[in-house]
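Single chain ahead, by itself, as structure tokens, in the form predicted alone.
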């Protein structure tokens, strides 16, 4: 058993490498795009929607509620990004029930890519809310001396976001590998069930932290500007 899907290399030439992490990640993305395209073609507005539509509405409504409770009064503006993050990580972690499957979130390259997406999304949402000039002014508040500290804060929380998800998923795989060598029939099944719960919790934590960072950025205003109000 490999501790990371990066160790399974299918093709390599120079610095270009196609490994299990890349294949699994693209497979999950294609699955999500295909499911979204199929599911949104047959939506109904009547009193008796299909069961799968009810389940889809419960998921969307739940994500919207969580976004709003964190402090973003217009969840529809953010659910495309935050909801996709949550569903991708949850789906990637749930795949451990499949034989020979290794979650791409157990690779540091995947978690860094997800953290970088949050790193880019935070200023993007903030600039769309208050404008580039006002966003840049928040980095020198309350004084210009805070500029390096604010930059270090952004970089450190991005690193922490990537390492937290990678560490939890990778450690789960390591524990399963150890128990597999001790009791190959009992412990792997038990740990796989525990891994489903852990994977869901990690997806929730990652999405909530991303929401908190975005909420903090879009509600932060320079000292000479009024606080934004909900539309």
Partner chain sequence: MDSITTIAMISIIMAGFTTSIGIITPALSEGKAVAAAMSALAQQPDASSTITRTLFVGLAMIESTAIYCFVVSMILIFANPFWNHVIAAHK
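Residue numbers count along the first chain shown, from 1. A quick note: this is a predicted structure, and the numbers were derived from the prediction, not measured.
Below: the form predicted together with its partner chain, not depicted.
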Q.
At 4.5 Å by heavy atoms, is each residue in 69, 202 and 205 next to its partner chain in the model of the complex?
A. yes
Q) Among 91-99, 157-165, 109-117, 124-132, which stretch has residues with heavy atoms no more than 4.5 Å from its partner chain in the model of the complex? A) 157-165
Q | Heavy atom of residue 20 within 4.5 Å of its partner chain in the model of the complex | A | no
Q: Report whether the minimum heavy atom distance between residue 209 and its partner chain in the model of the complex is within 4.5 Å.
A: yes
**Q.** Heavy atom of residue 171 within 4.5 Å of its partner chain in the model of the complex
**A.** yes
